[in-house]
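A lone chain, given as structure tokens: the form predicted alone.
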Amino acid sequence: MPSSSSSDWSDWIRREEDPARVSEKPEALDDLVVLDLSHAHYGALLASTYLAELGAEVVKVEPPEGDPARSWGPPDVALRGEGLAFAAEARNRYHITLNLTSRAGRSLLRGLAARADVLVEGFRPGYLDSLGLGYRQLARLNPRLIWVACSAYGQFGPQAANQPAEYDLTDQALSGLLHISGDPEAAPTRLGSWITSYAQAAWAAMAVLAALHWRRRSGRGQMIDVSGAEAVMRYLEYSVLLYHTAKQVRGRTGLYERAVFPYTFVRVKDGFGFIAGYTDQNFGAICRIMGRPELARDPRFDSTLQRTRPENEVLLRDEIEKWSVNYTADEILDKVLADRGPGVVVFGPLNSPTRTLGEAHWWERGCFRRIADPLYGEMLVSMPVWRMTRTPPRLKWPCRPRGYHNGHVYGARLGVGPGRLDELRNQGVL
């Protein structure tokens, strides 16, 4: 017999993950120092963000004129001069300026790197090495240093020397992802967000954690090479194996899915909704909820093989839409939740961003937060995605102006006083 009820579990996990209690708990990476050299590279910037949300002390290094990424976002909307893309993600950092092309600037960076655990960069392969600031040189100063290099093609290979500028769409196109995204009769459809940057950052942060684990045993750091295109190649599902086994090239299928069906969007009374129930039992549940049990016995739809034939997918989606257009998304969800027969149906509305923001569920889980920042005023921000009972991530402060923390970082890390800081600013080093 179970020792506790589902309500007991709900009460316990809600209490343990309570977003209001995050600040009471320790941070998992609070002993980690990270140098963020993500110059004009959103994937590298985000990799540092994920580490910062988990408690790492991240120092954002940018030239005196500022990182070009500070201007990224809609050109007609900014937050006190900062581009919205930068303002959204350059959080929990200490922002310093440093001219790496100057002798004094390179010397200061070496001093910082000698005391750091991780360095994340997004320059063209070999650029920092040419300045004497590459992994090979800095690892001699600090053998425990973990170096993360983010680029489109990676650090080696026939195309490594021809790196394009960091554009999410470039990585999407190189990966093959766009070949399977969108309607087959239309042009390729880019994913609406900068998905490759976020994917590259997630893989990079995961690799850092693995490298830290190995460093505990070996005492040695290492270099991590993460390609933005390769990051989303891992999102191609079975496409590579499909070509290997059957010499078939998976193309754009739009609302249809050749592996399972129904697994699609359908029109509803108030927009669109997603519906899935592709095993025989689950498809039977869809038919039962629709009041059309005979469809489950129709020879065009009575097995996965039949349901996934391209011509039958079109017919089946039409049958489901004949029913779904008569109900709102909420009404269909109520029907799905009320069904007590065998099988499981997945259904959900296609939310607009405003509807997502309006759902109490996500606010209770702490997905979004309104903050009153002394520099930028009121901000609505997305919060870290992890929920952790012992060492939860957190937002401590949003982005800051370039050079905002020069005095703090150079003073605490390298013992540089106010007078020397003024000299370095006058010399164009900071």
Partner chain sequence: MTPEYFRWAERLFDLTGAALKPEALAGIRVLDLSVIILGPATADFLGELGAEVIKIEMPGHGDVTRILGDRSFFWKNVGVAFFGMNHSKYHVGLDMHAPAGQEVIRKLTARSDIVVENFKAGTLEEKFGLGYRQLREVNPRLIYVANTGFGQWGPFSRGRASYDGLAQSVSGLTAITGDGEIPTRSGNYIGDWFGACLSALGALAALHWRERTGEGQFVEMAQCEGLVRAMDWTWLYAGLTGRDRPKTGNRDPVFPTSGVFRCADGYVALVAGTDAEFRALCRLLGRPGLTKDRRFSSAAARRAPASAGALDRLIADWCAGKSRAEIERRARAARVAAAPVMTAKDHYESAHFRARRSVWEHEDPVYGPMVEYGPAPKLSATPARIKWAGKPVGFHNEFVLKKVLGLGDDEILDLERAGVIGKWADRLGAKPPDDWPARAFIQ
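Residue numbers count along the first chain shown, from 1. Since we're looking at a predicted model, the values are computed, not measured.
There is also a form predicted together with the partner chain; it is not shown, and the following applies to it.
Shown alone here, Y256 lies within 4.5 Å of the partner chain in the predicted bound form, counting heavy atoms only.
With a 4.5 Å cutoff on heavy atoms, V226 counts as touching the partner chain in the predicted bound form. Mapping the unseen interface onto this chain, E53 counts among the residues with a heavy atom inside 4.5 Å of the partner chain in the predicted bound form. Mapping the unseen interface onto this chain, F301 falls outside it, with no heavy atom inside 4.5 Å of the partner chain in the predicted bound form.
Of the candidate stretches 288-296, 150-158, 94-102, 107-115, only 150-158 contains residues with a heavy atom within 4.5 Å of the partner chain in the predicted bound form. Taking L141, V325, V240, V314 one by one, only a single residue has any non-hydrogen atom within 4.5 Å of the partner chain in the predicted bound form, and it is V240.
Contacts between stretch 250-270 and the partner chain, counted in the predicted bound form as any heavy atom lying within 4.5 Å, involve R250, R252, L255, Y256, E257, R258, A259, V260, Y263, F265, R267, listed in sequence order.
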